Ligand code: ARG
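A single chain comes next, written as structure tokens; it is the form predicted alone.
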């Protein structure tokens, strides 16, 4: 049962409205003295043309109380609803026990395809901490939509084409060697790339040479393409290693180069539709009416740009996948770029341009400040993850040296901490790393949620059970701390839907912290294994339900849930 929706139906009937007009306004009050659910009537004042307190009084008088609601009170403009704790617990906990890892699932996305374009690192540059956000936010959005029944297509739109490869070829020919690249791999490619930018500050002709090599790549020059392919293969080995550590997979690695032979028909279409005009030797789509700078399609030297490839990719994806939505996970500072080429797709006459969604996020930094590949001051992703694992090992050696599978648990907790730290923040906010905070087993962190899950597993293990019987006396779970856990479990499905609608995984991660905190209070307030048999059995159902939901929720974020820590 969706309790919020059932309450919305009852309130809507009393107010003469549709449930959809009400459900978004239902809140869970900050303390239970104000009810388990509350509906503020302010938003109805305009529709019903009455003062909010009068609307609240009308609703309270006319409402047909759902079975699971024991009492309704009015406080100012609020309708406060109190649940029958035993009946509420029975409904929620029986559902979790019955549905197990499928609890919270629904088929709202059935028959719909969502394309998620995420991670997208640049070939021949190291996978650094700046790529973390796109990768883990995109992965979580993919998993959340998949849980809701969508057919998800995860695309890694690799930065494997463009002028930077011309720069790298020039750098290799001037300051590199085959032996050094084969020995040091991406580290050497990064060294010569940084060297190029240092040298180009005083020798601008190097930039012209680099553009020339990129044009050669576009024209199919054998030497240029052999070097490009070599750089690509070196990079992919490193990327695969990092993705394996993060537990991230993709359905397609169609990077920018994939569209090289598909752009000409798109450029022709822009010409046919009289959208392409010449400007200072380049070809642009004018967006002055839309109060945006022009969208550059072909440079004056004949080279294509990000926009050319992005427009081509969108047309290809619509044709191949017939998506409901196509999501692009990139930094907030790329807002204008996406706004421009989305508008070009609209001007081309494609009504599905409205289904292209830029999902922006803030920057990630360490205490040392912002990251830049051009200057070479980057923190490699692999180093960061290894450091997280090593820091976790130290904590395990200090707190639980006899833990079985220490290595594996250290990986799950250390890497999980990095992912959770990112996904706990609203995606639009900037993220700063703090090892001390990130790896803490207290507070709003990944290890805290994982530890709570392990605690629940430990209780079930001591009780000698892997599954629980749902036929218990639920009236024994009427205390406040039990009721609070049940209320948060009841809202799990709504939080997942909300996270999908807003492309905001932090809604799930914050809810998991709330569940973990409520469970730890329940654990503190209520003896479990030492209680009388019927009380113990009832409380064990809560323990099982929390373990189930925390494991599922962490999984949606791309994080493992070890059973021992």
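Because the structure is a prediction, the values reported are computed rather than measured. Positions refer to the first chain, counted from 1.
As for the form predicted together with this ligand, it is not shown, yet the points below apply to it.
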Which of 101-109, 431-439, 153-161, 267-275 lies within 4.5 Å of this ligand in the predicted complex, heavy atoms considered? The stretch 153-161
This ligand in the predicted complex has a heavy atom of only one listed residue within 4.5 Å, and of 95, 330, 353, 445 that residue is 330
Heavy atom within 4.5 Å of this ligand in the predicted complex, from candidates 122, 80, 113, 340, belongs to 122
**Asked** Can residue 310 be called a contact residue for this ligand in the predicted complex at 4.5 Å between heavy atoms?
**Response** yes
Open item on the list: in the predicted complex, does residue 117 come within 4.5 Å of this ligand, counting heavy atoms only?
Closed with: yes
Decide whether residue 334 counts as a contact residue for this ligand in the predicted complex under a heavy atom distance cut-off of 4.5 Å. yes
I'd like to know whether residue 253 contacts this ligand in the predicted complex, with contact meaning heavy atoms within 4.5 angstroms. no
